[in-house]
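Encoded as structure tokens, the following chain is the form predicted alone, with no partner shown.
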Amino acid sequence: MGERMVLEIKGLSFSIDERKILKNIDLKVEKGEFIGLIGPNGAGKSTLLKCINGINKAEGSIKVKGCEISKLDGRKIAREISLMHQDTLITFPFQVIDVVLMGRYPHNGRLKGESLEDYEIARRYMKLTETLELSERKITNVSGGERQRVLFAKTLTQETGIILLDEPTASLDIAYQEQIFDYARELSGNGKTVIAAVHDLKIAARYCNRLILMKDGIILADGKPAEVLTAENLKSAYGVNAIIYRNSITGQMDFYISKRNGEKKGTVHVIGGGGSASGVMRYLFERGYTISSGVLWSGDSDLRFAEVFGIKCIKCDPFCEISEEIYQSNVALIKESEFTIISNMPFGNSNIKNLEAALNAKRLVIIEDEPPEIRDYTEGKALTLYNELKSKAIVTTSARLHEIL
């Protein structure tokens, strides 16, 4: 095993009552990796972690730094691998400091008590996890989230090269979720190897440098987050329709889970801009409509939304007026659509041709969440055209669009 290879698994299988939970798993893990185990409930994530830690006696080979784990006793394994369990229930009323100090047991002799150094290590990690003020409290008298953080401190106090986390943020609020994953990433950056079973795919994508997607006891995909979190893989593992995209605000990979059932409805053309149409397009997309949109300007959030969701749209260079060619392309999409919807958009000289194009609509719906007068920047020119369209349209609000379509 190479110097950087800290864990090697070959042909790993594990069964309960003749039911195979893990099936012929092969896996190599290097020093400093932060791996997220993802997959639906029952995929085998927790079982795999317990096999790596030696709790589950499995078929196959698990080598830690070149040594077969089956040949190591529990104390030696615990010097190399720590595991934070998913089940955080503790029924005996230990003091919190004593729970954290349990992480030091692999480093002490059987009859040796805790040293000053052990206490210093424990308090350092308690301070890090913001549990130091709980030191004298009984573990049975703290909240579920506090207990989760105490057990994370205990896991860190064990000071192993490999850290296994089984749903480490299940009982935590958002701030502490971020804290634990931030620190886990910092640990991996300092040479520790972290393998975490993660329920939240967005957190896994943001923090882990490698993801392993499991289903029914096998590995479906293994690689960088962008390689693993594909629409095809999420469909195979979770049975969902997902749209994968790069979030323009955070710069992080993101995804949207569609609830649409595959049933196709009518065709709708959406006229918008300035972020006014994204909510409308999302509503229509969820309900299975075939959508087109335009004219939208490069850089507009409505255009970014349309492109992510694969919506056919007519676009224009920023700050340019709509050319005759672009105008005619927009008219063609409107004529092909059963409905045309004008969103609660602002009107300027550059987009007034969008209103002109709407005169060709078969059936026109105008969403009016705000008075058009406060959205008109053409000194009344657009408002005149808008009122002409309004006389032929069904006028509603975003909240009541469902009553029209």
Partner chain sequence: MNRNLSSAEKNNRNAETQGKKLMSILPVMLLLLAASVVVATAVGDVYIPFSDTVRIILKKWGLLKNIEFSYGHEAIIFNVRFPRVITAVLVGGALAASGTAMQGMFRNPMADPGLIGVSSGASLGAVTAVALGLTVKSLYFMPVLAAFGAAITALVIYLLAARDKKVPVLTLVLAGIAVGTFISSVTSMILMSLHQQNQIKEFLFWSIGGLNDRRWEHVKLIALPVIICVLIMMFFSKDLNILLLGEEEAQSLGLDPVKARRGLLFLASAATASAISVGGNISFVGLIVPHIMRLILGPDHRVLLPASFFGGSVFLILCDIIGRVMFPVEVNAGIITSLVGAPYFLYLLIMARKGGNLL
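Source: prediction; values computed, not measured. Positions refer to the first chain, counted from 1.
The next section is about a form of this same protein that is not shown, the form predicted together with the partner chain.
Contact with the partner chain in the model of the complex, defined as a heavy atom within 4.5 Å, holds for exactly one of 314, 291, 331, 81, namely 81. Site annotation in the model of the complex: the residue of 177, 135, 230, 209 reaching within 4.5 Å of the partner chain with a heavy atom is 135.
For a residue to qualify, one of its non-hydrogen atoms must sit within 4.5 Å of the partner chain in the model of the complex; all three of 75, 88 and 103 qualify. Per the 4.5 Å heavy atom criterion, the partner chain in the model of the complex is contacted by stretch 95-103, the sole one of 280-288, 297-305, 187-195, 95-103.
Among residues of the shown chain, residue 351 is not one whose heavy atoms approach the partner chain to within 4.5 Å in the model of the complex.
Put simply, residue 50 is close to the partner chain in the model of the complex: some heavy atom of it is within 4.5 Å. When the partner chain is considered in the model of the complex, residue 113 lines it closely, a heavy atom lying within 4.5 Å.
In the model of the complex, the partner chain sits within 4.5 Å of a heavy atom belonging to residue 158.
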